[in-house]
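This document opens with one chain alone, in C-alpha cells, the form predicted on its own.
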C-alpha cells in the first residue's frame, strides 16, 4: 500500500532539497503520498514552481498534495516531518539581535536565541502532536525545527508522544567528513558521540575495528587548526575529543560576540534579507515562466549561504573545497533530508543502521535522567530506536550538559504554563547569560518585540 509522509513548513527553502532526496529514493521508500503543508500558500506555490523541473526529470510515482490545512496533511500520515519556523526569518533576526544589544551571544539555537525560538515553537509543536492523536496516532514525528533537542524533550515530557525523534545534520556531517578523510564509506564509520543538540563531542572514530581519533587529534595538532571549525586546536588536543562546531559559542564566547558585532549583521539578519530578495526574484521569474532562471537563482542562493556559514561569528571563511575534493563532495550530500530519510528507511525495516539522534537518554549517559533528551548514537531497525550505551563521560561535559538541560526543561515549563518567573529563571541559568539582571532585560525586550508570537506570560 505504501506510506504517507507529511512535511509541515514546506514553503521553506529546504523543501526542494528534501523533495529531490525523496525522488531519488522513492523506490526504496515505498511512498504512496507526500503532503506538503505550509500556512503561507503563496510561497508554497512558488516552491512548487521551483521543484517542477525536479518532478519532470524524475516523475514521482506517488501523489503530491500541497495544502495550507494541517489536518489534511496529517490525516493518515505514517511519518510527520516538522520543519517550520514560527515567525519566519524576521523572528529569527529579533532572536539574535536582542541579546546582542546587551553584549550577549545572539545565535539561532544557542543561548537566548534558542530560548526565544523554543518559547515560540513549543506551543505550536505540541498542538501538532495533539492533532496527531486522532488523525495519525501511529505516526512517527521527526522534528527538524530548532532548537531540536528542546523540542524533542517537550514532545516526550509534555505530549507523551513516544514516537518522536529530533534530528540534526551536524553530527552526520562530521561523520561524513571523517569518513572522507579515512577514504571510507560513511556508513562503515561509527562515532562514539554524546551530548545534547548543538552541544556534543566525538570520543572515538571507529573503522575496521580501530579507533582513528588519535590519528585525527595528531593531524589537528600538526595543522594547529581544524579545517572548517573555528575552535582552538590546542583546546581540542587537550580535551582529547572533537567537539561539535556549536561548542565554539561556549569555548570562544567573547570572540563570537565581538565578531558578530563587528560584522554588523547577525546570521539571521543576513538570511532574512537574502530570503526576502530570493522569494521576490523567484516570484518574478515564475510570472515570466522562466523556470530555468528560478533554478539558477536558487542554486546561487544555496552557494552563497553555504560559503558564508559561521563567517560572521568566527570572523573567517572556512572553505572546505580548498582542503580536499573528496571531503567537499561528501559534505554536499543530502543534509537534513538524508538524515530524515535514513531514519524513515531504518524504521521501515531496511536493516539496522547506526544514527545519531535526539532521543530520551534511557540510561545511556551516566548522570543524565532517563527522560532527558540527549544526542547520542542509536541503532534504528524495524520500527524501533535503541540507544547505545555511552557510560560515564568527562565531568566538564556532564556539568555543562546538566546546566543546559535544566535551562531547557525550565523553558519548556515556562512556555507550557505561561510563567514569566520560569522563563526568567531559565534564561538566568543559561551559562551564556551573565546573570539575572541581563536575563530580565533580554526577556522583556523579547516579549515587547515578538508580541503575539510569544506565549502570554503571567
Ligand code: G6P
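What you see is a predicted model, and the numbers here were worked out from it, not measured in a lab. Residue numbers count along the first chain shown, from 1.
A second form of this protein, the form predicted in complex with ligand G6P, is not displayed here; the remarks below concern that form.
Scanning 269, 372, 108, 342 against ligand G6P in the model of the complex with a 4.5 Å heavy atom cut-off leaves one residue, 108. With the partner removed from view, the residue among 161, 79, 201, 246 that has a non-hydrogen atom within 4.5 Å of ligand G6P in the model of the complex turns out to be 246. The stretch among 67 to 75, 161 to 169, 383 to 391, 279 to 287 whose residues place heavy atoms within 4.5 Å of ligand G6P in the model of the complex is 161 to 169. Within 4.5 Å of some heavy atom of ligand G6P in the model of the complex lies at least one heavy atom of residue 336. Although the partner is absent here, residue 219 is not a contact residue: none of its heavy atoms lies within 4.5 angstroms of ligand G6P in the model of the complex. In the model of the complex, none of the heavy atoms of residue 449 sits within 4.5 Å of a heavy atom of ligand G6P. In the model of the complex, ligand G6P sits within 4.5 Å of a heavy atom of residue 146. Applying a 4.5 Å heavy atom cutoff to ligand G6P in the model of the complex picks out 305, 309 from 277 to 314, in order along the sequence.
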